[in-house]
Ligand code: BG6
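The chain below stands alone and is given as structure tokens, in the form predicted on its own.
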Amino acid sequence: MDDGRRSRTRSDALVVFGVTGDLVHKMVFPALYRMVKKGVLDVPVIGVASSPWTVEELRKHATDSIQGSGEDVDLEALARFLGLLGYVGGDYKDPGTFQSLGKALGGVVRPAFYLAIPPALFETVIRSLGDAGLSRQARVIVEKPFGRDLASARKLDDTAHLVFPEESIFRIDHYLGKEAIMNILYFRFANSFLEPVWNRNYVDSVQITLAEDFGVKGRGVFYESAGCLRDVVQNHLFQIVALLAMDPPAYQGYEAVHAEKAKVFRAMRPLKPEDLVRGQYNGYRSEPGVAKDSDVETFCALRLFIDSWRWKDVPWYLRSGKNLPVSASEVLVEMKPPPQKLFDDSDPPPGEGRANYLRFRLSPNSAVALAARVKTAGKEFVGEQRELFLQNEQRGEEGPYERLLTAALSGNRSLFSREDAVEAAWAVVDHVLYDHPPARPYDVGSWGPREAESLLGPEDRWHNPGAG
């Protein structure tokens, strides 16, 4: 799907702010190397950071990243990548840093500025790019989170628009670059059998679980400023909800997709404290950088409603957390039972969910499963539960940062969040960011606090994804 009306003038340089940071080392350098290896990146890559490094130190840092990423290293491709690297060191609040960056860019006309830096620095860097005259014909790529709440998101948008037009702002949510997430959109609208039942008349409930079997991994300072609701739910899980809940786009173009997703966010009923259960794993307060009396949630479960014609009164149950039993992400769409019970065993036993459901496996592997009751051999009308399982994993899949950075450099905004959608999503959670129940303790290796069960309907239960 593409939108041919949009200009696709390619950026002629990539500037990476925060180039010495953890995100760039773990995710961005390997992605850029793969882009060079495939021949889709051949422009200068200039790193900017406060560290007083030399270009040689940056190249060693990048080499360590790529060699430690599990990639099969092609020495010729690695040499080409390292040859593209440049470095500018300096304080982001010092205008001289941006003057030095301008000199490093030389004859570059259409740079792309990637802000892989703490959110508190976004406005400073964006304003400085404008003040230094570096923003003309440029693009800016902004890492999540885009704001901490509705007010800060609007303020950041206002600042960004003083320097860049909306079509030059690329708001990254790396989840949108994942193959399994893109498959939701494709599966929904490439198959005609789904649309007639994809509504409140046939869908009983929808669950989305994003589980991680590890803690904050020494990032306590960051998590104290974010928490699970901001870090995962408002962006990653809401994006999945939008793809599942949106109406068919009016035409073949990503602007149409963006418009329909924004409608979903606007139709979401603002959350109330009783719609939310927050949890904190035992031991979190002992993590470095975490307050001894911290109430920050490492687990979040919520009940969401979308007040649209299609989804009126269908509950959406969202859940994410750290130090859960597995690292996995799944969507479970449970269908309503047949209107008349013709067979005694046509429903699974109480507490085992619905007989018919659609399951999207998002990670650690990608798959789609459809469940149905099937009669067993014999004279009696006795059946069993079966799943039609479609494995969708493919070798050599394009990674999310590789896909997103390639798109941004070419001016393709299809996989990036739009201003109105970001602000509408923040509006849904804005109240409970500050008015919420206390975080409930839960054991490491459990599925979170017991209180999460209270969000479910009388016949619902949480679906716990497996590890495989």
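The first residue of the sequence shown is number 1, and the count goes up from there. Everything numeric in this text was worked out from a predicted model, so none of it was measured.
Here the subject shifts to the form predicted in complex with this ligand, a form of this protein not shown in this document.
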In contact with this ligand in the predicted complex (heavy atoms, 4.5 Å), from 330-338, 292-300, 169-177, 376-384, is stretch 169-177
Spell it out for me: taking this ligand in the predicted complex, does every residue among Lys144, Phe222 and His236 have a heavy atom no farther than 4.5 Å from it? yes
Spell out, yes or no, whether the shortest heavy atom distance between Val206 and this ligand in the predicted complex is within 4.5 Å. no
Flag Asp231 as yes or no: does it have a non-hydrogen atom within 4.5 angstroms of any non-hydrogen atom of this ligand in the predicted complex? yes
In the predicted complex, does Glu212 have a heavy atom within 4.5 Å of this ligand? yes
Is it the case that Lys322, even though its partner is missing from this view, gets within 4.5 Å of this ligand in the predicted complex, heavy atoms only? yes
Sequence-ordered list of residues in 109-130 near this ligand in the predicted complex, where near means a heavy atom within 4.5 Å: none
